[in-house]
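Before any questions on binding or motion, here is one chain by itself as structure tokens, the form predicted alone.
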């Protein structure tokens, strides 16, 4: 049986027939594919080095920015996931001793979540490694290329926001 290699991603399929697609679609697929490749590598490194997941890392990052804690609802909004997802993540982190959950002082119906001292130490070790990994992933880009890419992505982001605000649906 012939080895056909890894499945083609959408960007690769479009690249085979570039004149069949608008440049903007090709750009969108390139951005999406790049994000997916980077995120997959970060997920792998978090799992291999820290035995954790990206959602746990992201939740701990939010809590690290808010030393006084956040409610489950605030975490849900910040991470753009359901309350049920946040509850499950928090439950696992409580069991690991990385976060603490207690009734919010102003609203006993709400749960306030904070990093424990061990959680803060653990997160900061992960964050330091994460920063190094991202630098490693972009190591082949010069400082000038990074600056150009940042400027162009900011412009693309502004264009996307503008499109959202005009509501055109061609």
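Positions refer to the first chain, counted from 1. Since the model is a prediction, treat every value here as computed from it, not as a measurement. Rigid core here is just the name for the largest C-alpha set that superposes within 1.5 Å across the two forms.
Separately, the form predicted together with another copy of the chain exists; it is not shown, and the next lines address it.
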Seminar exercise, completed: Partner contact check in the predicted complex: of 112-120, 125-133, 99-107, 66-74, the stretch with a heavy atom within 4.5 Å of another copy of the chain is 125-133
Exercise. Would residue 52 count as a contact of another copy of the chain in the predicted complex, using a 4.5 angstroms cut-off between non-hydrogen atoms?
Worked result: no
Problem set entry | Partner contact for residue 47 in the predicted complex: another copy of the chain, 4.5 angstroms, heavy atom | no
For this session: Let me know which residues along 30-56 have a heavy atom within 4.5 Å of another copy of the chain in the predicted complex, or say none if there are none.
Result: 30, 31, 32, 33, 34, 35, 36, 37, 38, 39, 41, 42, 44, 45, 49, 54
For this session: Verify the C-alpha shift of residue 133 between this form and the one not shown: is it 2 Å or more after superposing the core?
Result: no
Exercise. Residue 27: CA shift of at least 2 Å between this form and the one not shown after core fit?
Worked result: yes
